[in-house]
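Only one chain is given next, in structure tokens, and it is the form predicted alone.
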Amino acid sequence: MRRIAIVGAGQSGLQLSLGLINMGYDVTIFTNRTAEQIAQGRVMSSQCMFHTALQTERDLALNFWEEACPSVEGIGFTIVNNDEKTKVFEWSARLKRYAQSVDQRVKMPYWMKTFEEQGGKIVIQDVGIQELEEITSNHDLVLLAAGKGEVVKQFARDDEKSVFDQPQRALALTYVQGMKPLSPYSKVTFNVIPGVGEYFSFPALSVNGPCDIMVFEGIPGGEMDCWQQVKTAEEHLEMSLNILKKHVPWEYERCSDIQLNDQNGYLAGRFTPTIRQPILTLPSGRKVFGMADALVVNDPITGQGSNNAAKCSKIYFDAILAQADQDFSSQWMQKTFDQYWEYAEKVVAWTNSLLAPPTPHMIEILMEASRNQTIASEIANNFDHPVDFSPWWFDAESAKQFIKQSHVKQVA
């Protein structure tokens, strides 16, 4: 029986562990928090997962919350005139297959419990280089799936693939109850406030049942970069409402009766989008293989973090099974990561494009979507598979052709 160790108990690490344990592998998870500590701790992300990523969970029978979790049925987009507090234009479109968001404080503890029930072993400890030396000495493969911590920084930054060297947004999350629902269908409401940042919200399932998640993406140094002095949950909620009232009053109107989902239902911080080399060589010469957001740290502006993690887990799962009893060599590790990067590269490029000032052809596409439902639907459904944004999202001439073809389709 092949022995595999996975450091990290998030979306990618747990999903991969549960898949492998069911295929007869001897799997051990190393993590620095118990299931109870996760369940009772602070929210970790906003994790809106689209159909293809959700299907990777269904394929492993891990979709325990499918019935209980509210569905995200569409995407809405608004450009804001910040001076007049009005909408320059807006559009929305239904998703072909719904998205869902399950609070990781709900999902991860239950997956950990399920993993142990199926024979997996969980070791609670901090893992550094010394611990990795010990772990690699008695496992056939060691994967690092933790997106945070000092050990992640041991994986070398890939300067060629990494565009940024500092955070591009001041980030904040607020989990709330009592937000007025949208009609005729639920959706991600995405508001772009030029020179200030972005605000979006969507329904989710959290520790106290259905809720909504408010996500703030403030341009550093701007008006929405304002969370440093917030000390309490109540102050965080007050700041959230102040931002909406000042910049997106139509969103503020939906929040007249909201309250915090729970005292740990908020978060603020910032990080630098970064791509890292996939293989860590320890002093002994043994190798550790990184995965998901340990290697590809993507800004949450496009909501792709958990989607990337699930898809990475699927690619690694298939690659490990295909390797059978062969050695997990450096060549195999690089080839497996390259397969993931072939997908993730396009997601990162799309995300990075939204962190920079929009190009004229991007603005034209988004504006045309307000007049052409075919374009709106294409953009909305590409959140499930962002590779389909290429080439027309990135190239002005391709954008013109895309708009022209979309008008033909709409007329037809």
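These numbers were taken from a predicted model, which means no experiment stands behind them. The first residue of the sequence shown is number 1, and the count goes up from there.
There is another form of the same protein, the form predicted together with a small molecule; it is not shown, and what comes next is about it.
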Answer yes if any heavy atom of residue 9 is within 4.5 Å of a heavy atom of the small molecule in the predicted complex; otherwise answer no. yes
Residue-level contact is defined here as any heavy atom of the residue lying within 4.5 Å of the small molecule in the predicted complex; does residue 300 satisfy this criterion? yes
So in the predicted complex, is the small molecule close enough to residue 173 to count as touching (4.5 Å, heavy atoms)? yes
Would you classify residue 126 as touching the small molecule in the predicted complex, given a 4.5 Å non-hydrogen atom cut-off? yes
Let me test this: is every residue among 76, 198 and 381 within 4.5 Å of the small molecule in the predicted complex, going by heavy atom positions? no
Within 4.5 Å, heavy atoms only, which of 240, 307, 261, 189 is in contact with the small molecule in the predicted complex? 307
Of the options 42, 371, 33, 58, which one has a non-hydrogen atom that comes within 4.5 Å of the small molecule in the predicted complex? 33
Work out which of the listed stretches, 321-329, 290-298, 221-229, 85-93, brings a heavy atom within 4.5 angstroms of the small molecule in the predicted complex. 290-298
